[in-house]
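As structure tokens, one chain now follows by itself in the form predicted alone.
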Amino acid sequence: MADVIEVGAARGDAPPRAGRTRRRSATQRGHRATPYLFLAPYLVLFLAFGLAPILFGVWISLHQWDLQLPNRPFVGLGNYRDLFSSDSAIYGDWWSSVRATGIFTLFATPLLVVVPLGLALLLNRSFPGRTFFRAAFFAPYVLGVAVIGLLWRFLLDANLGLVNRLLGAVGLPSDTPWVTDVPWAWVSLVGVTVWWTCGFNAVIYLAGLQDIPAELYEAARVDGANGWERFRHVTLPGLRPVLLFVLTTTILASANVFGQAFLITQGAPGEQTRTVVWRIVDEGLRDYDVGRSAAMSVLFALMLAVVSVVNFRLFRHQED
């Protein structure tokens, strides 16, 4: 055996153990590369349809990018300065749309966090017809914003709408301007949005409720905790990650409202319900000033990023 090893060494052959080590190292490198191979299709799509458009949008925002002109000169931060300069032609319209978006988000978000939670708590109980009610509350969410907007535009019409007719039938005022005057326009937009999307958040809450161990509720009952105390000390802590997800996504979705305002109130009265996304679309596609539109988009994205970071930090502080 020693003679065989000496002959192999004289010919320059690697010892058997070294060969196995090299094969094992190659296998380990292959295992380490496997996750990246599975992620590669998503990374390619993200780079092509996510990161690249974002970077291109930032680049456009640094230019006077008018679709009607052949030249697109570099203006640096000029488009951003126009958004903060009171002498700019777009200053008033921009901040009016920010205010409208803030009003809608401020009133819609709490309702879209609390109302679905109440529904989820009810639908998590055992009672006849529970499956039907779960489907009924979720059903509006499957409809597109165009269907929802046109449907409620007719239902809320001050003269011909079914809502005012029903109110008049029960002796209540039947001439409420639901879509043409404030604060009724905001009541309509917030109410329709809550009716339309609360089913989705309720389903998310239901999934979280079913992950809370039943033993925790039994232990709380044994300790004499009433319903409110069980909700406060068992349900809410168990739903903390779900609450963070629902709150963050609801804020982002509410801030990006467009279709409801465009179809139901059509910006009325005046332009008081014209939101940021609507303003961005008008600036880029109606006025053909894509540079300013891109600057609005980037600034608005930064605002939402700040809100999201603050939200995560607040939840982390509560956990600590």
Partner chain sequence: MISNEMSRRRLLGYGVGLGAAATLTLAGCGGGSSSPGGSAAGGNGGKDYTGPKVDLKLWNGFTGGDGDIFKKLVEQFNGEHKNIAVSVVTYEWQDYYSKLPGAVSSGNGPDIAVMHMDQLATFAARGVITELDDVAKALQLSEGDFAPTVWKGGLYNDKRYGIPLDMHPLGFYYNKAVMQKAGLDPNKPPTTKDEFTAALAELKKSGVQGFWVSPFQFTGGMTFYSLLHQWGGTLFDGDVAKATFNSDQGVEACTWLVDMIKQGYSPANVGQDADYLALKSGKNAFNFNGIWQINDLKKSADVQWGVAPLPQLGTKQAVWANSHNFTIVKQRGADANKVSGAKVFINWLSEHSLDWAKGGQVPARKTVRESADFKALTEVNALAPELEYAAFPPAVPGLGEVMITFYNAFNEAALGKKTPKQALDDGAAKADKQLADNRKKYGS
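Since we're looking at a predicted model, the values are computed, not measured. Basically, rigid core = biggest C-alpha set you can superpose within 1.5 Å across the two forms. Numbering follows the first chain given and starts at 1.
Another form, the form predicted together with its partner chain, is not on view; read the next lines as being about it.
Check, residue by residue, if 131, 136 and 211 all come within 4.5 Å of its partner chain in the predicted complex, counting heavy atoms only.
-> Answer is no for this spot.
Heavy atoms within 4.5 Å of its partner chain in the predicted complex: which stretch among 48-56, 248-256, 266-274, 31-39?
-> Only one stretch passes the 4.5 Å heavy-atom test: 266-274.
Its partner chain contact in the predicted complex: residue 215, any heavy atom under 4.5 Å = Heavy-atom contact with its partner chain at 4.5 Å: absent for residue 215.
Residue 43 near its partner chain in the predicted complex, any heavy atom under 4.5 Å?
-> Residue 43 lies outside the contact set for its partner chain.
Verify the contact flag for residue 226: yes if a non-hydrogen atom of it lies within 4.5 Å of a non-hydrogen atom of its partner chain in the predicted complex, no if not.
-> No, residue 226 sits far enough from its partner chain in the predicted complex that none of its heavy atoms falls within 4.5 Å.
Just to confirm, residue 88 within 4.5 Å of its partner chain in the predicted complex by heavy atoms?
-> Residue 88: yes, in contact with its partner chain in the predicted complex.
Heavy atoms within 4.5 Å of its partner chain in the predicted complex is the criterion; list the residues of 62-97 that meet it.
-> Stretch hits, in order: 64, 66, 67, 68, 69, 70, 86, 87, 88, 89, 93.
Using a rigid core alignment, state whether the CA of residue 67 is displaced by 2 Å or more between the shown form and the other one.
-> Indeed, residue 67 is displaced by 2 Å or more.
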